[in-house]
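Quick heads-up: it's one chain on its own, the form predicted alone, in structure tokens.
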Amino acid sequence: MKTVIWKVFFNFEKEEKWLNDMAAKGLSFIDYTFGRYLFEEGTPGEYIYRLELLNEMPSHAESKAYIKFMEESGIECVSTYLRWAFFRKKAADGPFDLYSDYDSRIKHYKRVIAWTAVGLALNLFAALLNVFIGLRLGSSGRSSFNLYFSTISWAVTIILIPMLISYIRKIFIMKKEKNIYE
């Protein structure tokens, strides 16, 4: 039996944790499309999931080669969305981590920061533009759409800022740990 759950995540770490929590309950994630998660019933704890922001779109030759390499290593690419890849591995095969060293983990976080910063900039621009247009239209009925859209953009902007700061902090922590342990 398949189950669809609609949910939106801005933070990939929370999304990854949620997918692993669902897997622990016996719901194996099998597909994603814009907030729509598709699960199938499975054995509780059968899979471990990891998310990765690829360098390029999944259709790009570099990404295809990377995904093929992962699959040859026993890691299944369950789904892709935009530049995100959802990987899983059977828990019985041992621990599953996409990054073997600090440098590759830091590179991934830098990609996520760049991705998030673009989203932040676009939402901030949309918020300011719609406030400006809404105020220019004044009390006409058309201004309410712009002000409503601006509110959504402000909300997304407010959500993205602390997330961006947390990713930057994690890079600093990883760099410190790298200096200590390597």
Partner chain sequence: MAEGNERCALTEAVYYILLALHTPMHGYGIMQFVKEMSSSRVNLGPGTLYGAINTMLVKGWIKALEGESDSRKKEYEITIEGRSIVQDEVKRLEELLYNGKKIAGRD
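Computed from a predicted structure; not experimentally measured. Numbering follows the first chain given and starts at 1.
Here the subject shifts to the form predicted together with the partner chain, a form of this protein not shown in this document.
Novice: To test your reading of this chain, name the stretch in 129-137, 38-46, 115-123, 59-67 whose heavy atoms come within 4.5 Å of the partner chain in the predicted complex.
Specialist: Only one stretch qualifies here: 59-67.
Novice: When the contact criterion is heavy atoms within 4.5 Å, does Glu182 count as touching the partner chain in the predicted complex?
Specialist: Answer yes; at least one heavy atom of Glu182 falls within 4.5 Å of the partner chain in the predicted complex.
Novice: Answer yes if any heavy atom of Trp84 is within 4.5 Å of a heavy atom of the partner chain in the predicted complex; otherwise answer no.
Specialist: No.
Novice: Mark Tyr109 yes when one of its heavy atoms lies within 4.5 Å of a heavy atom of the partner chain in the predicted complex, and no otherwise.
Specialist: Outside the cut-off, so no.
Novice: Using 4.5 Å between non-hydrogen atoms, is Ala91 touching the partner chain in the predicted complex?
Specialist: Because no heavy atom of Ala91 falls inside 4.5 Å of the partner chain in the predicted complex, the answer is no.
Novice: Looking in the predicted complex, is the partner chain within 4.5 angstroms of a heavy atom from every one of Ser73, Asp97 and Asp101?
Specialist: Spot residues vs the partner chain: full contact, yes.
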